Structure formats: structure tokens, C-alpha cells
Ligand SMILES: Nc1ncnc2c1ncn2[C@@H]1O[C@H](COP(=O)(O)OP(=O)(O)OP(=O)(O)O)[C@@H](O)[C@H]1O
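One chain comes next, on its own, written as C-alpha cells: the form predicted on its own.
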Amino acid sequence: MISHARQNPQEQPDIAPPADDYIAPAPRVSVQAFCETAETGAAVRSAGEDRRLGKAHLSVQMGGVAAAIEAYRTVPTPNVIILETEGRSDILAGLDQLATVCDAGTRVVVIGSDNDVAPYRELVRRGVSDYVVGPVDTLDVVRSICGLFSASEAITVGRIIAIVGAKGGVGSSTVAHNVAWAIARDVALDSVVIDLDLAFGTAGLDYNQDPLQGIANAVFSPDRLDTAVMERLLAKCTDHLSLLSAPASLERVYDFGDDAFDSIFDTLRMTTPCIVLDVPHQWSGWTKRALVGADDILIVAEPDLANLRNTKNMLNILKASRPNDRPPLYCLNQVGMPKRPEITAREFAKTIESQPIAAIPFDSRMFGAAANNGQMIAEINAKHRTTEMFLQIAQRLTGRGETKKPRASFLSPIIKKLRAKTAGGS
């Protein structure tokens, strides 16, 4: 049998969500598409190169429903079948025939057109998991395939935010830790900070934590990882914020393969709404993979020439590697350092061709006190403008604003006086 649909007709949106909406990555699945037009075939092939389908094995054939029926007479069906129909009246009959050769648990996505004569209710009855009105683009295909699993499995799929410095020593770790604090405290999302600088990481110091276990235990024992093991490795910083700390030890070297951290990220995604990666300033296979695979990226830069060059290079390569995602963001840090020649924010933005989302001022006294005391800037001075900047960055990266209090009615003062008078009379 083909799997049951995940939507009903009334829930079908007339307009697709915006291109920068959050799409959770698909698990390791096989997907086979049977297209009728070259345009749809090209869109599906392009989707196969998207980072969110990086674990999926996707193939494309032409011929539509008829080709699918013929193909599966002798071979098992994949996890997902994508069928394109050009509005012909035989789609229902074709689905009936496909059901006779389709393995249990296979999900079916139909790409139709405005001319389809088959009502959506009938498609649902025959087990269609999703229906997309063509013509489709790359993101439509990505969203449909990923949506099958993020919606149907009823599990939390966390958003990964990667924060990295354009150059060493620019304070990207400090920004990452304070932004994560704001996400957990002010945006009220359960979050985990992962310190990926195993040799020199400072997250444990910044959060005043000294856990015995952390990221090293996870990365060197990937076969034993599950949600229970991961929970034991996390250090609790606040009610909503946990830390997967770095050992900050030089007793061994930390050379990793490209996919060394994949199982850690995948495990945490299942239980944690927001994961903040503190990525060290280095360019290796695994750091590039972590950045490309993140849902959102923030580059932290100081206002000088080397940072300008590096920021531009990083933005260019990451944009090219993530053509269907929101472009990476950047912020300026330590702006206004005394006696240091600086490139202005306007000049920086002109060269980068985009504005920084924040320009964090240099304040050695406050940041030094926070670092030495193992505190966040918000704990040192909750009303400082830098604290507000970290909150704004957190809101921008998560796509969530502050919870606004309901606006009071213009009658509120009168009602308040009447209530007070009534209470006094009684």
C-alpha cells in the first residue's frame, strides 16, 4: 500500500511559502522521480544537489506514471516516488495500477497542473502523500520531499545556526555564546551550544562550566550516540540553554573527516529546537561542511582589510554552495577601538554588497569583565546597547521576534479607576 496523505484538501495552500522559510533536512532515503517534461526533470535534478537532500539518493527518469509502473514490476520501490502528470484523466487509474506493484511504506508525491481533472480528495484516497501544482522549481521539490518526513514523523527537527569568525581573534565565540544566551532566555527556545574548537574552545569558560564530558566523547564514539547518551554529555547552563563543551586539551590532535560531526548534529536535531555552532576559524572539510549544512550562518568580522577580504570570500563560496538558502549574514565586532585605523561600516557594506546586521562597539572593560567572571554581557549590564544587539541578532537568526504585550485599550485608565472605586466602596 502507498502511505496515507499528510494533508487534507482544505489545508492545501494557494501560494507557496517564501523561499527563505525553514525546511528541515531529509533523512537518508531513496527518491525516484518519473517526469513528463524536461523542465520538471531539471528542477528535480537540481533539488538533488541541495544541502537538505544531501543524504538522500535521488534519481530522475522520464515517462511519468506509465514508466513508474513498468519499472516497479520487477524491482522494489524506493522510500519516495515523484510522479509528474500533465492533467490527463488517467492519473487515478495509473495510481491504482501503481499500488499493485508498490511496497508498503512508500510515499508518493504527485506534480500536477491546473488542468488536472482528478480531485485532490481522490488522490488522497489512493494514498498520495503530497500534491504540488506545477510548474515547480528546485525549492518546491526540496520542500515537498523534506516535508514528508519532518511532518509525518512528529519529531522536533532543530534549526542549526553556525557562527564563525572571518579571521582569528575577532570575537566570534563571544558573539556565538551571547547570541545563544539571548535565543534561550529572550526568544525562549531550548538551545544547545556546541563548541567545535576542541583544542582551544572557550565556551566552558564563558558559561562558567567545567563538565567532565563533552563534544570529544561524542565525536570519538559516534557508534554509541543516541538521544540518551547525548543528554548525558550536555552541561546545563540555564533552564533553556545547554552546552556541549570542548575539552580545550592538547593531549591529542583533532584531525577529523568531513562527516565526523554529522551524527552529533542529527541526534541533537531530534530533541533540540535550536543548535548554535561555535565554529573555529579554519578552512577544512569538516568546517566547510558544518557551515554549508547549517540553516543559517553568521560571519563575525572586525573592520579591517583582512576581515573584509575574508568575509567577501566566505560569503561568495557559501552562497554558491547554498543556492536555495538564505544568504549568510555578517556582523562587525569591536568597532571603534581607540587608535586603530578602521574601514567604516559603509565602506565595508559597499564592498560586500550587503549591510551588516549589527556593528558591536569595542568595550574592553565590559567584555573583559564578562570573560573573566564567566558571565554573559546581559548578566553584566542587561540594559546596555550591546545586550540589545545580541537580542536583535538572535531574533534575526531564528526568525522570531519578542513576544509583544497586547496593546492596552484607550478605555483602560477609565476602567481601572472604576474598578478601584468599586473596590473602595465594597
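Just so it is clear, the structure is predicted and the values come from calculations on it, not from any experiment. Note that residue numbering follows the sequence shown and begins at 1.
FYI, the form predicted in complex with the named molecule isn't displayed, but the following is about it.
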**OP:** Spell out, yes or no, whether the shortest heavy atom distance between Ile360 and the named molecule in the predicted bound form is within 4.5 Å.
**Re:** yes
**OP:** Check whether Gly336 has any heavy atom within 4.5 Å of a heavy atom of the named molecule in the predicted bound form, and answer yes or no.
**Re:** no
**OP:** Give a yes/no on whether Gly168 approaches the named molecule to within 4.5 Å in the predicted bound form, heavy atoms considered.
**Re:** yes
Original post:
Though only this chain appears here, would Thr174 touch the named molecule in the predicted bound form if you measure heavy atom gaps against 4.5 Å?
Top reply: yes
Subject >> Interface stretch in the predicted bound form with the named molecule - options 53-61, 66-74, 33-41, 362-370, non-hydrogen atom within 4.5 Å >> reply: 362-370
Original post:
If you check Asp190, Asp197, Asp296, Asp304 against the named molecule in the predicted bound form, which one has a heavy atom within 4.5 Å?
Top reply: Asp197
Original post:
Looking at the named molecule in the predicted bound form, which residues in 30-48 have at least one heavy atom within 4.5 Å of it?
Top reply: none
